[in-house]
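What follows is one chain in structure tokens, specifically the form predicted alone.
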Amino acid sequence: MLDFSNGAAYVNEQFVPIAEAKISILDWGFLHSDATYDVAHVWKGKFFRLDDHIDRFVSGIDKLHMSIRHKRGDLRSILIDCVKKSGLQDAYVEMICTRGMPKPGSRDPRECTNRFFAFAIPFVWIANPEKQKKGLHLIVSRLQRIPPESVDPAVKNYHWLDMVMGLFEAYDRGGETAVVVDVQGNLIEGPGFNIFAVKDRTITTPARGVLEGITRRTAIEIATDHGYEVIQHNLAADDARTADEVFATSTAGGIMPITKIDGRTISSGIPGSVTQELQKRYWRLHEDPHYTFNVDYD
């Protein structure tokens, strides 16, 4: 009897326990970080905005000149089955397409057979609910994000070394996480999250060089629907440091308050009223059938 209690994966056209999921060491997804992926989540037995994640994943595959045999409906079914087999009520659900391997001796990406993988594991947090009560301490990294002229940030990818090194910089400087910048020093994004700054009833988020996250989209929609002006534009580090509130958005935690930047307290030093309002509305959407559907575990 296979044990899927720690998670389930879809590898080589079959479902296996997460501990048995493997990728070839020769796959260019491993050797070259030549891959795209997307992460959806299940909360209290409901998928949230799954079709939006699948749409972005399929778009990324197309932009990278990849192809897989699975259609959108197949992808949906595979991800649902990963969750059903695991039995997880709160899950982090990832789908991946790698370049795969070319013929022996070839370095031509056109000769690669692209590979599809998927898995569901227990929900992953950037900042868990306890941490969110006090807010995160963010460090503005000195490191620049890979420019969009080099790698399209709209294609979700594993090119994270700039952000990983930013994390180590944050730890060395007493912070908990980091945001990398562009060549002008404007804030871009952090490892797995987008960033927003609130001033009065105006909310600003970086527009260029960022992954347009599904949670970012959800936050923009909620804020706009409830009368806030949302500006997608450059966000200078000093504008974030002097904002009324700052928050991050990610599938791995939703809308998360940031209460300190570079050791400097933001406003009162506690999660602000706008952030808290958006948080509550975000989690309420997890009960809205327009955004969610129940996983039939039976």
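Please read all numbers here as calculations on a predicted model, not as lab measurements. All residue numbers are counted from 1 along the displayed sequence.
Although it is not shown, the form predicted in complex with a further copy of the same chain is what the next lines describe.
Proximity to a further copy of the same chain in the predicted bound form, taken as a non-hydrogen atom within 4.5 angstroms, holds for one residue of 69, 32, 264, 233, which is 32. Of the candidate stretches 42-50, 239-247, 58-66, 264-272, only 58-66 contains residues with a heavy atom within 4.5 Å of a further copy of the same chain in the predicted bound form. For the three residues 11, 21 and 149, a heavy atom within 4.5 Å of a further copy of the same chain turns up in the predicted bound form in every case. At the 4.5 Å threshold, heavy atoms of residue 226 stay clear of a further copy of the same chain in the predicted bound form, well away from it. When a further copy of the same chain is considered in the predicted bound form, residue 211 lies well away from it, no heavy atom lying within 4.5 Å. Taking the partner from the other structure, a further copy of the same chain in the predicted bound form has a heavy atom within 4.5 Å of a heavy atom of residue 191. Among heavy atoms of residue 99, some come within 4.5 Å of a further copy of the same chain in the predicted bound form. Taking a further copy of the same chain as positioned in the predicted bound form, the residues of 143-159 that bring a heavy atom within 4.5 Å of it are, in sequence order, 143, 144, 145, 146, 147, 149, 150, 151, 157, 158, 159.
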